[in-house]
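Here we start with a single chain on its own, the form predicted on its own, put down as structure tokens.
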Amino acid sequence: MGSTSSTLLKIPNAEVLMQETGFSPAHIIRLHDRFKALDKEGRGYLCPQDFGAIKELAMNPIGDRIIGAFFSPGKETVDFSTFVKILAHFRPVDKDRPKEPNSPEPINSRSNKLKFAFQLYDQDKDGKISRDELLKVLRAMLGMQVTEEQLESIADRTIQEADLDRDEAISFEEFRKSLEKVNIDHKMSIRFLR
């Protein structure tokens, strides 16, 4: 335990990050090591290109969108705190963790996971997923496995089923409702070091 606490002291805002994200001291240390490994030049921040070293993202058809989610509009760098907070979306929900009254909703809550997923589709940040945005994701994910006609049919059917207000786009609320029966915690979780 002594080495863990002394290592944590070297990590900026470690205690605050653990409280905000629910990550354990071991998780924070592991994520800090990963951050430093990606930051090969020791700048203290990451650029989109630094994420190219993560083979799972390089192989993911929407890896560029996932990488983009780490960066605020107009920002080309991400610091360690932001890196940890983004990864916290993928932390399994801790059902045993007591909820403090008046505390903000956990980063890894179902609602926040859905908001994170929604932004991967809503590339123009207008609060709606258009047919074109949906088609771009489908093309990236399915590629040459289906014809363009099939992709368009899937996009049209998806919008038709989810678009409750008939504006030919999917709002966040419609997105949330369409995924009510989906175990988003399971689908959007990464097993971190215990």
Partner chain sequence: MELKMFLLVSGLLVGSLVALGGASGSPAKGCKDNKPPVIEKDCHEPAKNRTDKKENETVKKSFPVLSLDYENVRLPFEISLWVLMASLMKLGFHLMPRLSSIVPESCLLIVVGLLVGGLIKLVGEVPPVLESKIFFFYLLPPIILDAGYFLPIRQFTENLGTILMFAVVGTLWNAFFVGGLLYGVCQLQSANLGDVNLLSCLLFGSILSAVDPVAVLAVFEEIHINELLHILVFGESLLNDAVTVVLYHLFEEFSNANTITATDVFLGVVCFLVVSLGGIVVGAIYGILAAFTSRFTSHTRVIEPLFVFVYSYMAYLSAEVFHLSGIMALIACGAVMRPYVEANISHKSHTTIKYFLKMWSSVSDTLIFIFLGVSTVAGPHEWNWIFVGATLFFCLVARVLGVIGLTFVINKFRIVKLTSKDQFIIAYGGLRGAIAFSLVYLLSCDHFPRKNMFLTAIITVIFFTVFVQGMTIRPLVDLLAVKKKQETKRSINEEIHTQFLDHLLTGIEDICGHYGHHHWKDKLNRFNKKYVKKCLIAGERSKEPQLIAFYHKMEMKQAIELVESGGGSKLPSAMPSTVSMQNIQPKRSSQERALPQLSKAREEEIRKILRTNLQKTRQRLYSYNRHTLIADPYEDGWNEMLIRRKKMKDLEKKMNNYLTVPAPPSDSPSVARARLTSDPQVRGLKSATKNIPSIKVDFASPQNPESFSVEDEFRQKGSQPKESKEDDGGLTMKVPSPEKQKKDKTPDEEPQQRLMRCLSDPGPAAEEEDEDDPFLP
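Only a predicted model underlies this, so the values are computations on that prediction, with no experimental measurement involved. Positions refer to the first chain, counted from 1. Rigid core (definition): largest C-alpha set, two forms, superposition within 1.5 Å.
Only in words, not in the display: the form predicted together with the partner chain, which the text now covers.
S.K.: Taking the partner chain as it sits in the model of the complex, is residue 80 in contact with it (heavy atom to heavy atom, 4.5 Å or less)?
M.R.: Result no; residue 80 lies far from the partner chain in the model of the complex.
S.K.: Given that the partner chain is not shown alongside this chain, does residue 128 nevertheless sit within 4.5 Å of it in the model of the complex, heavy atom to heavy atom?
M.R.: Residue 128 lies outside the contact set for the partner chain.
S.K.: Would residue 161 count as touching the partner chain in the model of the complex under a 4.5 Å heavy atom rule?
M.R.: Answer yes; at least one heavy atom of residue 161 falls within 4.5 Å of the partner chain in the model of the complex.
S.K.: Can you tell me if residue 185 lies within 4.5 angstroms of the partner chain in the model of the complex, counting non-hydrogen atoms only?
M.R.: Residue 185 belongs to the contact set for the partner chain.
S.K.: Which residues, if any, of 60-74 lie within 4.5 Å of the partner chain in the model of the complex when only heavy atoms count?
M.R.: Contacting residues: 60, 61, 62, 66, 70.
S.K.: Please determine whether the C-alpha atom of residue 146 is displaced by 2 Å or more between the shown form and the other one following superposition on the rigid core.
M.R.: Yes, shifts by 2 Å or more.
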